[in-house]
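In the block that follows, a single chain appears as structure tokens, in the form predicted on its own.
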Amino acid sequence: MDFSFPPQAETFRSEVQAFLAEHLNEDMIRATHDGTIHAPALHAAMADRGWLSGPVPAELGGGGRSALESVVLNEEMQLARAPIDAMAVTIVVAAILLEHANDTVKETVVPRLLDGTALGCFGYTEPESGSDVAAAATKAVRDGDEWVINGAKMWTTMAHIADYVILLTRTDPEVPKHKGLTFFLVPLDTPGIEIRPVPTMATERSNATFYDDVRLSDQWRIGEVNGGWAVMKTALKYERGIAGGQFPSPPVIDAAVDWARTHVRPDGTHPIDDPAVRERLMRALIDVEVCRGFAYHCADLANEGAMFGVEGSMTKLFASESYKRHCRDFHDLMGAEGLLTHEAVDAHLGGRIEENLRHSPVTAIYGGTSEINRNLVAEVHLGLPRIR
């Protein structure tokens, strides 16, 4: 089988690699230890290249790069450990607005997102509903030409640096939960909004956001009143499609291989000399290749104009679960040395394995939990009966 990419995609890969060599530095990567996975200078440079608008479909007014090129961009950024959370969110928010927002929002907000002068974030999850976003209870009540919003959202990552939140609200509590939802784009400097930090064990900062009689004009509504579930499906489509492929983290595997080659045991041997160690490292590398196959398949479907759903769930599920498994394996191989954080002078490669171990659990939560993705695979791909 021929797994090579078209020449255009490989040319773009070389362009991304050259860009990263010029614009990404270790200071940007280390700066993420404060919890914010964003480098403003890198983000601005990507915007200047047109890479924020590139993955947005041309028919919506974006750059119209192929899905394969989007996967290439995402993969190379991950390989380089670039802080790109803002890039992925910006692409998804802009695409949602171009598909569902009114002309005023399209003309005033989208250009700022795509030229890098504004950032967006997602306001889906709530403290009482978790991954069941359709159970959102944040209320939006019509008051003449305005809406009044009250409620709270959890895990609003990047809200502390973002300009807008795309907010899921309940506008009709009397109908089935999927049918009473409406989306709004809310400027985060609107009176009545409070943003509180939520630190995580991975040192990544998220936020809890609170909305207390927040008043918005109807121009900030996204999509139809009570038509929020259609917007939500669009958001998931773009999150699993144009934002790029999902991969286990090759840099943490590289760190484990480097440790296995350089660490000296009391008997003078290296861990890499042990067949059992080599097997665990190879299993991780094989999983990366399997996951690339999943991601490339999704990109190929997108290039053909096919709507994929369960394939994205398969990719996300395999990526996050194998990443968690690898991190546990590498930590187990290193023993006590694997507990050293980036603050420790003797930490191997700046404590990269320990840092990834703490980060890995959340990858099985955001973008759709592993449990939900397993349900989708079981029901859609395997044809098993629904149990919910």
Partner chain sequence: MRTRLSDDELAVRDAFQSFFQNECSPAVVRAAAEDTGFDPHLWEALAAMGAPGMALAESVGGAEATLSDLAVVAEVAGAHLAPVPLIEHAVAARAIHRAGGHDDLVGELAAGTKLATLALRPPIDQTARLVPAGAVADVVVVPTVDGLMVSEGTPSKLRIPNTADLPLADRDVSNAAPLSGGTTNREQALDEWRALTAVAYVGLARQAIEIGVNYAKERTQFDVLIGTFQALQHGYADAATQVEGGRLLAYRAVWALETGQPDGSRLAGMALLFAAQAARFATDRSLQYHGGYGFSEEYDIQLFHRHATAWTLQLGEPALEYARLADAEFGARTVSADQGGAA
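Treat the numbers as computed from the prediction; the structure is a model and nothing was measured. Numbering follows the first chain given and starts at 1.
What comes next is about the form predicted in complex with the partner chain, which is not displayed.
Remark: of stretches 229 to 237, 271 to 279, 171 to 179, 108 to 116, the one touching the partner chain in the predicted complex is 271 to 279 (heavy atom within 4.5 Å). Proximity of D287 to the partner chain in the predicted complex falls within the 4.5 Å heavy atom cutoff. Though the partner is left out of this view, R215 does not reach within 4.5 Å of the partner chain in the predicted complex, counting heavy atoms only. Residue contact check for E304: one or more of its heavy atoms lie within 4.5 Å of the partner chain in the predicted complex. In the predicted complex, the partner chain lies farther than 4.5 Å from every heavy atom of Q17. Among D85, E146, D163, D300, the residue placing a heavy atom within 4.5 Å of the partner chain in the predicted complex is D300. For the residues W259, Y296, F122, W220, the 4.5 Å heavy atom test against the partner chain in the predicted complex is passed only by Y296.
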